[in-house]
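One chain comes next, on its own, written out as C-alpha cells in the form predicted on its own.
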Amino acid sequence: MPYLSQRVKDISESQTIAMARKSRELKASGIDIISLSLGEPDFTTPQIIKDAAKKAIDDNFSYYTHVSGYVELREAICKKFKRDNNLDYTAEEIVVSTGAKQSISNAVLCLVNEGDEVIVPSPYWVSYLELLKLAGAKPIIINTTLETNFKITAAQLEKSITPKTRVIIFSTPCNPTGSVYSKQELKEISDVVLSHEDLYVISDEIYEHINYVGGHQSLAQFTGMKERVATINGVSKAYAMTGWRGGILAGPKWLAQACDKMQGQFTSATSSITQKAMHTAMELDYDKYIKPMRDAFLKRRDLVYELIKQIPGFKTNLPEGAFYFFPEISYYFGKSYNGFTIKNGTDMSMYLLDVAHVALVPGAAFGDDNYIRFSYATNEDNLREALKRMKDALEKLK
C-alpha cells in the first residue's frame, strides 16, 4: 500500500466535483445525463475579455508578475471595490489568486493555528470544512433552518464565540442556499465581531453580482470592520470565467502581505493572461455585460421555483441570490423503488442520478443530509427536462 500523509487521508473529495465526474463518466458511456451539480454559468466569457487575453498573448505578456498580481490590475480591483461596494482599498491590500478557492485557502492558512476555533454557519460551501481540516482548526457549526432562510443571527454568533474563536467564515449570497444577508443583519454581525478582540471574518462574496434583492452589501463596509474582514471575490461566476481561475482577496495590508507570502510558496502569481482578462472584467459596464446574465438567472430561478412546487414533498426557500436551490426532501425518507430505499439526501442524489439521470449534490456536502442541492445555471430546456425527470422518478417511490 503506497504511503500517504494523514492530512490527505483526513480530507474528503469535493462532492460537487465527484458528482460532476460521475455524470461525465455516465455521459461517456452513452447515458443522457443532465448535470446540475456544478455551479458553473453556461454563458461564454464576454468577447471583450477574450480579446484582452488574446492581445496579452500577442503582446508577449507571458512572464512572471508580482505574486499578488501586477499593480495596474490591483488598482483596477480597488476601483471596482469603490464603485460597487464603497470600500476603499489600496493595491497593497489586494491579492489576486488562482480562483476564490485559493483566496479562501490563503486567508485560512494565514489566520488560523492548529486548535483554533472557526465558526461556520451551516449549510456551508463544501470546501470550508476541508480547508479548516488542513489548517488543523476546529469548526464550530451554527445550524440554520429553512424557516430562518438559512441565516444566522447576531445572538447565535455571540453564543458560539469562545476564547479560542479566531475566525468566522460564511458566504453572501450563499452557496448552497441562495440566501442573502441584509445590511441590517450584517451590521448586527459586525457589532458582535467588533466586541471581541482578535476575531476575524472571511466573507465569501463571489456571488456578489448574482443578487435579486437589490445592491450587494459587503461586511467590510461598517466602521472598524475593514481591519477585521478578508473579502473574497473573483471572476468565475458573474463574468462566466470559471476556467480562467481568477480570485480576489481584499483585506488589511498585514493580511494581504501574509497571503502574498503564503501564495508565493504554493503557486506564485496566477496566469499573466488571466490577469489581463481580469483587468478588463473589472472595468466592464454592469448594465451591458453582467446584468443580462443576472436577469437570465433570475428568470431561471422563477421557472424552477414554479416547477419545484409541482413536486410533492419538496420544501424550499426562494433564493435571493447565486444560482442554486437547496430543497428539504425528508418527505421521501423510507420510501423505496426497485429495492432501493431513500434514507437521506445522499441516497436521493444517487437515486435521481440512476433513475432520473439527473446529477445533483447531496446536502451532506454542505452540512445537512436532509437536503439536496442543484444548480439552475443551465438553459431553460435542460431545467424543464431535469425537473420533469425528477418528478417522474420520485413518483415511483412508494
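Small disclaimer: the values here were computed from a predicted structure and weren't measured. For every residue, the number given is its place in the sequence shown, counted from 1.
Unshown form predicted in complex with ligand GLU; subsequent notes refer to it.
S37 belongs to the set of residues with a heavy atom inside 4.5 Å of ligand GLU in the predicted bound form. T270 falls outside the set of residues with a heavy atom inside 4.5 Å of ligand GLU in the predicted bound form.
Looking at N382, you'd find every heavy atom of it more than 4.5 angstroms from ligand GLU in the predicted bound form. Residue contact check for S218: none of its heavy atoms lie within 4.5 Å of ligand GLU in the predicted bound form. Residue heavy atoms within 4.5 Å of ligand GLU in the predicted bound form occur in exactly one stretch of 22-30, 37-45, 339-347, 62-70, and that stretch is 37-45. The partner is absent here; in the predicted bound form, the one residue of N106, N175, T274, T231 having a heavy atom within 4.5 Å of ligand GLU is N175. Y207 is the sole member of F326, F297, Y207, Y200 with a non-hydrogen atom within 4.5 Å of ligand GLU in the predicted bound form.
Contacts with ligand GLU in the predicted bound form, taken as any heavy atom within 4.5 Å, map within 10-30 to S14, T16, I17.
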